[in-house]
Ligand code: SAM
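The chain that follows stands alone, in the form predicted on its own, written as structure tokens.
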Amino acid sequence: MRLRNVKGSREEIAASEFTINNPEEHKGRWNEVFGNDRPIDIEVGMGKGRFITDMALAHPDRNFIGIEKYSSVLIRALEKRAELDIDNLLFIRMDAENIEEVFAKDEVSGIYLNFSDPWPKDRHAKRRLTSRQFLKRYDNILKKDGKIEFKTDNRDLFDFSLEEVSEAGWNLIAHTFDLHNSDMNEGNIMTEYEEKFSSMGNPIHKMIINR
């Protein structure tokens, strides 16, 4: 998908009070940034931020950090954030490959991956956010009892992800190939893509994993 450039978005993102610039400086001290000891959940590749914003609203007892590398969509999340009176949602503009430079061991309680880029070519498999390479990165920042939740409508990516779970030494807690018609849909918060694709009749796949 080609993203339209939004003029001035990088400057606006950097200037926002809800953006954390130079996030590596806060590694191991994210609870200090939020000013409390609530659990910290992150969404990697959050897009326009609907999911993580709704999560922050639904769970005021937890802190949330949205990670997105594309300024053109992150700016939309910041626009929504500015309208809310909450204290548990911040954003970082960065590439997910650098996640270990930003979060310390056992600092993150939960990780959400939603409708990630499928990188369909085999030679790009390691770039997929559910690849064994990324699972190793998550292993280094996620608490021992932490979980990863992944949703997609891309069956090939989902099948690949299921295989990577065992290859990387993780445990598959639960999974479904049709989320909206399963028990796993209870309490589900949708993303923009989820609403769009499900309205087109595409089944949504979901898995929950831990170590």
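From 1 onward, residues are counted along the sequence shown. This structure is a prediction, so every number in the text was calculated from the model and none was measured.
Omitted from view is the form predicted in complex with S-adenosylmethionine (SAM), to which the following refers.
*Within 4.5 Å of S-adenosylmethionine (SAM) in the model of the complex, counting heavy atoms only, one of 57 to 65, 43 to 51, 141 to 149, 23 to 31 shows up; tell me which.*
After filtering at 4.5 Å, what remains is 43 to 51.
*Would you check, heavy atoms only and a 4.5 Å threshold, whether residue 129 touches S-adenosylmethionine (SAM) in the model of the complex?*
Because a heavy atom of residue 129 falls inside 4.5 Å of S-adenosylmethionine (SAM) in the model of the complex, the answer is yes.
*Verify the contact flag for residue 192: yes if a non-hydrogen atom of it lies within 4.5 Å of a non-hydrogen atom of S-adenosylmethionine (SAM) in the model of the complex, no if not.*
It does: once S-adenosylmethionine (SAM) is placed as it appears in the model of the complex, residue 192 has a heavy atom within 4.5 Å of it.
_Quick check on residue 87: any heavy atom within 4.5 Å of S-adenosylmethionine (SAM) in the model of the complex?_
Heavy-atom contact with S-adenosylmethionine (SAM) at 4.5 Å: absent for residue 87.
*Hey, in the model of the complex, is residue 95 touching S-adenosylmethionine (SAM), heavy atoms inside 4.5 Å?*
Result yes; residue 95 sits at the interface with S-adenosylmethionine (SAM) in the model of the complex.
_Give me the residue from 180, 175, 38, 69 that has a heavy atom within 4.5 Å of S-adenosylmethionine (SAM) in the model of the complex._
Checking each option against S-adenosylmethionine (SAM) in the model of the complex, the one that comes within 4.5 Å is 69.
*in the model of the complex, does each residue in the set 109, 135 and 158 place a non-hydrogen atom within 4.5 angstroms of S-adenosylmethionine (SAM)?*
No, because 109, 135 and 158 lack any heavy atom that approaches S-adenosylmethionine (SAM) to within 4.5 Å in the model of the complex.
*S-adenosylmethionine (SAM) in the model of the complex - contacting residues of 72 to 89, heavy atom within 4.5 Å*: Heavy-atom contacts to S-adenosylmethionine (SAM) in the model of the complex: only 73.
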